[in-house]
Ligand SMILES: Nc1ncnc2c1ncn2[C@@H]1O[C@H](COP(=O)(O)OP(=O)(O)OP(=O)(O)O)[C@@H](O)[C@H]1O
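Presented as structure tokens, the chain that follows is alone, the form predicted alone.
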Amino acid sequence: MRHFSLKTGGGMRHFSLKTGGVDQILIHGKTRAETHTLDKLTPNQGQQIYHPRAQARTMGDTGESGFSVDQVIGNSPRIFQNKSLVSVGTVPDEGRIVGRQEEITNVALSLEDIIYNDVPDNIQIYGKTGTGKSLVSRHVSSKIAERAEENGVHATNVYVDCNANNTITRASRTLYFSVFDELDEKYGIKAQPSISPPPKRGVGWKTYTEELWDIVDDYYDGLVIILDEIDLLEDFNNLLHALSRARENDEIETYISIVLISNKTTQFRNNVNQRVKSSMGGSEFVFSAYNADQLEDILENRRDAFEEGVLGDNTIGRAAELAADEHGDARKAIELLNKAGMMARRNMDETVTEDHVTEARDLVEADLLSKSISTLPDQAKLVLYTLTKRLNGRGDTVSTSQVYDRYQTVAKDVESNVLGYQRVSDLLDELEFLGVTMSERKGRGDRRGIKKDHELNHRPAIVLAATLAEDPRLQDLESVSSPEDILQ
């Protein structure tokens, strides 16, 4: 007989495992004990024993021979029917795209000339996170390529996430191999001796663009290049100049449309140099935030991501409400529903409720934030961690000098180089550009000049969890095994 305790959300549960011809579980309730064979447990009884987030400790025998992963697999409630519908990055059918008919029309008209083998417009799209910029661009450009093929015009579209490919070399390499892989799937060009792709390491960005022009010119009449979060791409001016001038410089005969997507309207415009502005031209659109009703429609159109009857009465409404509070972010609304479903399954609950959505809110915000933080250099993460630890709450502020004083200790604690004051100040500016922080210059009023105060755009616990997720060194400082522990 082995005795165990499991700590779950409902408190401490105790059980005993009898081994022999048949494994039996003795569940110790508040008033009585029940004995069950292992293969006849109901889902609720299983929850008391195999809670995935439970912290188990043995009372007596510490052996683990009584547990098998087979007891977990296939025994959780069936929550999802088509989980991809609530996965960020999925481009759904047009019937599921809500409240963006005008934006779809504008983008389609700008790219339409490709289907006639003529010159399309370049496009710049601005708007806050989760307003459908990427979704609309990818959907329309795919439709343009399909219609062009129907007209006998060979066209394709390429999507580059500049958050993940944030250097000019990475972005150029992704451009090249996206096209190369598509052509290999269609025509098997890897087997052609005349085509030899460049190595994925050790060459400069111009090698990729030059090779790109060769294969594009041989196979395509039209090409749409989408550069998402272009403001996060280092040295984007050089890449944009090369792409926008390729046909003019007789490097290529293919018609190219460049679609730029940015969350930072003013900052990005200010950082585009004059020669790129001159060669890009084209159309400019701003996507407004979704309202609560639109967000609810978006989620309703993805209800079939879940098994019938799994969603509670107001689960979708609660997710839409929370996302509307955060400037109408559809991406967050979809992630909330996804995470809520995951929580229900892990808790062995058969219904996804409002409570699951509310509980998922902080995890979703931290997860989305960590994707931005992942692009930062290690020293910037140290600076962000230092700033977060100095603040007591959202709206609280701290000066650059106060951050720097604490930063020096943090850097030494993780055995990192200690940067100078000005470099730390520059990294704080970078955090502001990324949208993680806000800064304000203030006069001291005592003849000592101007100081700069910094605050967070999110609750400190959210930023701390997201930062720890991207830097294991800082987890050691906090003595946590998982960044999620910060949010508990």
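Note that residue numbering begins at 1 and tracks the sequence as displayed. As the structure is a computational prediction, the values presented were derived from the model and not from experiment. Here the rigid core means the biggest group of C-alpha atoms that line up within 1.5 Å when the two forms are laid on top of each other.
Beyond the structure shown, there is the form predicted in complex with the named molecule, which is absent from this document and is the topic of what follows.
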query: Looking at 202-210, 402-410, 130-138, 376-384, which lies within 4.5 angstroms of the named molecule in the model of the complex, counting heavy atoms?
result: 130-138
- request: May I ask you to choose, among R173, H356, R100, R318, the residue with a heavy atom within 4.5 Å of the named molecule in the model of the complex?
  value: R100
field: Selected contact from R303, R147, K389, R96, since only one has a non-hydrogen atom within 4.5 angstroms of the named molecule in the model of the complex
entry: R96
message: Quick check on F236: any heavy atom within 4.5 Å of the named molecule in the model of the complex?
response: no
- prompt: Contact between E296 and the named molecule in the model of the complex at 4.5 Å, heavy atoms?
  reply: no
field: 4.5 Å heavy atom contact, Y220 to the named molecule in the model of the complex
entry: no
- request: Consider V88 of the chain shown here, and say whether it contacts the named molecule in the model of the complex, taking contact as heavy atoms within 4.5 Å.
  value: yes
All of Y290, R331 and I334 with a heavy atom within 4.5 Å of the named molecule in the model of the complex: yes
Partner contacts in the model of the complex for 223-247 (non-hydrogen atom within 4.5 angstroms of the named molecule): E229
field: C162 C-alpha shift between this form and the one not shown of 2 Å or more, rigid core reference
entry: yes
